[in-house]
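A lone chain, given as structure tokens: the form predicted on its own.
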């Protein structure tokens, strides 16, 4: 059975206000490092609840800058999750550091603090939790482990704009946070990112690093990059920031309703959300038990699409099984920590790694449509179609 109806999994919340904001920048002739970038930084810092926010060209650049600003360099170790977008790991490699994978908690899909504790060595510098799908990692547990070991915490909030943990917005809890404003995110600048922090030193370092390491037009004082956000992106971001809470409320309401209606399907596992977390549902995730369903996840994705329902299906393998990590062909001359004096530990062999919790869920998660433009009829149709699928 096929249908002409098609419900998209996500749609940007944009309108004429964004068009006008971008038009004004284009006509102004000021395209880089102007008042709109500064205003966007100030407003985003206020929204998150931090003293400083430094806008950059994308989320990966934000990760690279934040890691460097926290003192990560060649041979240092950074503890990362194995279930997220790959730039969480590649940014560690950009810094010349060593990614060390820790397992996820089975209920939140975020870093498990107890497994993090097992991965710490004298070379560990930073713990990098990802607030996955809009959920919040166990920040009490992670920060406690970090304090015990004298480590820094960098929050990856690329999927968690407006997520809260015990009343605090993510990006304000660790030593620094980063956000992405890629086109699919809860708010977008097309491409863009930002570093948030209460640490003046982190903010100053990021400002230098994003702009070629220049203190003025003629003096370069550190290794920097061209990671600047454009005025066009900032103008778009200012409007999008004003829409963020409206979109979040709709995604939360849609997701909670969907999950409540699907809890009786035996081949679907609906994740639990902690009462102290404001989950913003970048994804509305469900776990598919392929054995109970009698078909693979990709077959289910194709079936839903034939019924007019698009779903997200990413992160099919743990990141330590990506070809880049298996082959460790990071640079032309091999690993960034080659050279002996940079790294005194045993070089990790990711081919030997198997973390049980992530192995169970990788490739078995799908994200249901939950965007703000959905109607009640759309949501009811998604529920009806899923209930109609009978295990084989």
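Numbering follows the first chain given and starts at 1. Fair warning: this is a prediction, and the values are worked out from it, not measured in the lab.
Another form, the form predicted together with a small molecule, is not on view; read the next lines as being about it.
Out of the listed residues 185, 312, 94, 210, 185 is the one that sits within 4.5 Å of the small molecule in the model of the complex by at least one heavy atom. This chain is drawn without the small molecule; in the model of the complex, the residue among 130, 100, 319, 235 with a heavy atom within 4.5 Å of it is 130.
Three-residue candidate spot 163, 171 and 196; no residue lies within 4.5 angstroms of the small molecule in the model of the complex by any non-hydrogen atom. Among heavy atoms of residue 124, none comes within 4.5 Å of the small molecule in the model of the complex. Although the partner is absent here, residue 63 sits close enough that one of its heavy atoms falls within 4.5 Å of the small molecule in the model of the complex. At a distance threshold of 4.5 angstroms between non-hydrogen atoms, residue 192 is in contact with the small molecule in the model of the complex.
In the model of the complex, the small molecule stays beyond 4.5 Å of every heavy atom belonging to residue 80. Heavy atoms within 4.5 Å of the small molecule in the model of the complex are found in exactly one of 139 to 147, 296 to 304, 176 to 184, 263 to 271, that being 176 to 184.
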